[in-house]
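In the block that follows, a single chain appears as structure tokens, in the form predicted alone.
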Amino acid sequence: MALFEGYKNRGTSIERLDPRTKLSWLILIVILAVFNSNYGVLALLPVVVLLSSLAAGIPLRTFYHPFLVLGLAALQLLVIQLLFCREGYPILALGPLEIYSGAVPLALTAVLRLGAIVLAGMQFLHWTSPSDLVLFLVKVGVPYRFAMLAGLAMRFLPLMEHELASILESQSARGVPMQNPFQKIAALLPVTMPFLFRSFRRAGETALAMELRGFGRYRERTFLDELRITRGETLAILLMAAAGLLIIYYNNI
């Protein structure tokens, strides 16, 4: 399974929401994660994100590889805090290394915040179509030549992950050992160079195809679809904005 599978139209009511509503939800989750230090709330945020993803028809297996990446990041944060944190009082001395009492709580807070933000960002990408994202950016005043880059990136990432998997299989078939993590690290060079070559080739082919279709010739352009936001969504956005502002205000008092 790829790290980022890309958007799939599952036909749920949540996916049909306006991207401004989904972006407001993402911003609210980020505000709750950044401006909150309560472990219970921070631990609840990823659960809320996963439950809302299930309601949108996104299977939990979609988040399997992001969870693995978060686990590695959590381990790194813990090691960094144990080595360099000097908050609290010393609880353990290992030769010249002293471990302080504030190291683990700081690492736990950082991991929970990072998990909530990353999962919410992945959720936004999985239930927002690239075309809706482009229309939203154009709606807020971004020139369509730049707004299209966001939609292209969302389509390009899954494609390049498939290219990387193909390169790994090809190099393994040629006898490059990749049975354990150390061998995979040693095989980065024979994998990275073909991957960069394919990436540049794909980017060049995409740029050429867009240029041949007259992309960027005119300052303005028309779109087949148009964003339409309902009154209920407008009210939900206002409520989420008010909640976010209240959270920021009470944390700055």
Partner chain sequence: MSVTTEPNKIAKLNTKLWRTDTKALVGGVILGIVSMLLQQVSMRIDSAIWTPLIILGGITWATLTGLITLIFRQPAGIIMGETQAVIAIATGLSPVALFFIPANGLSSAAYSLVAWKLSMEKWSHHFLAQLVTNIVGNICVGYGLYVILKLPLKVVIISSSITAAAGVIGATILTKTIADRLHKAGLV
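Positions refer to the first chain, counted from 1. Only the largest set of C-alpha atoms that superpose within 1.5 Å between the two forms is called the rigid core. The structure presented is a predicted model; accordingly, all values stated were derived computationally and were not measured.
Form predicted together with the partner chain: not shown, discussed below.
Residue 104 falls outside the set of residues with a heavy atom inside 4.5 Å of the partner chain in the predicted bound form. Contact annotation for residue 139: none of its heavy atoms lies within 4.5 Å of the partner chain in the predicted bound form. Among heavy atoms of residue 156, some come within 4.5 Å of the partner chain in the predicted bound form. Proximity of residue 81 to the partner chain in the predicted bound form falls within the 4.5 Å heavy atom cutoff.
The partner is absent here, but in the predicted bound form a heavy atom of 203, alone among 55, 203, 60, 41, sits within 4.5 Å of the partner chain. Taking a 4.5 Å heavy atom cutoff to the partner chain in the predicted bound form, the contacting residues in 192 to 218 are 192, 193, 195, 196, 197, 199, 200, 201, 202, 203, 204, 206, 207, 210, 211, 215. Relative to the superposed rigid core, residue 42 undergoes a CA displacement smaller than 2 Å between this form and the one not shown. Fitting the two forms on the rigid core leaves the C-alpha of residue 103 displaced by at least 2 angstroms between this form and the one not shown. Shown in the overlay between this form and the one not shown, fitted on the rigid core, is a CA shift at residue 226 smaller than 2 Å.
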